[in-house]
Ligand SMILES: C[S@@+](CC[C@H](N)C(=O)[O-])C[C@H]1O[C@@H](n2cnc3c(N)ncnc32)[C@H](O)[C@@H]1O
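Encoded as structure tokens, the following chain is the form predicted on its own, with no partner shown.
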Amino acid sequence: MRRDARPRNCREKWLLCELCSSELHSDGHPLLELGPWSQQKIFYLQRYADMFSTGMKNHWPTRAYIDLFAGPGIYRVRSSPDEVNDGSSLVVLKQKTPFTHYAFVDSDEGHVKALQARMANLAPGSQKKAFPGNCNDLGIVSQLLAFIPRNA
């Protein structure tokens, strides 16, 4: 199937969206195929999230991380197809000082299912939830507000 002929969402394991690699990861779930800029973005995100969570843990006992375009949790760079990396959601879930709450949103249900499986054993003391839907939808915003404590 040509890349431009692929569906917009991962609905089945054998039907991958236009942003995913043409092959499933070894865990049976999709992975994104991104440009090389993604590595730099995640590098800075990881450092900022770690600095914030570590620096603010004594000021705000409840800290929430929200990712509105979470994806399936892992990706590979188009120019390095053999190298698989953690995406923004998994990088933040693996940091040494966790947030107390993690909320992930993605409009692709296949990505949400993959992320739920991949994050199951990460940040064990934290509350984690992946929401399927469009982050601009008021229903999703309401669910996020209900999940994140007011004092976070």
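We number the residues from 1 along the sequence you see. The shown structure was predicted, so the numbers you read here are calculated from the model rather than taken from an experiment.
Unshown form predicted together with the named molecule; subsequent notes refer to it.
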Residue (of 123, 68, 117, 84) lying close to the named molecule in the predicted bound form, criterion heavy atoms within 4.5 Å: 68
Location of the named molecule contact in the predicted bound form, chosen stretch of 46 to 54, 95 to 103, 23 to 31, 108 to 116 [non-hydrogen atom, 4.5 Å]: 108 to 116
4.5 Å heavy atom contact, residue 141 and the named molecule in the predicted bound form: no
In the predicted bound form, residue 64 touching the named molecule (heavy atom, 4.5 Å): no
Partner contacts for 113 to 152, taking the named molecule in the predicted bound form and a 4.5 Å heavy atom cut-off: 133, 134, 135, 136
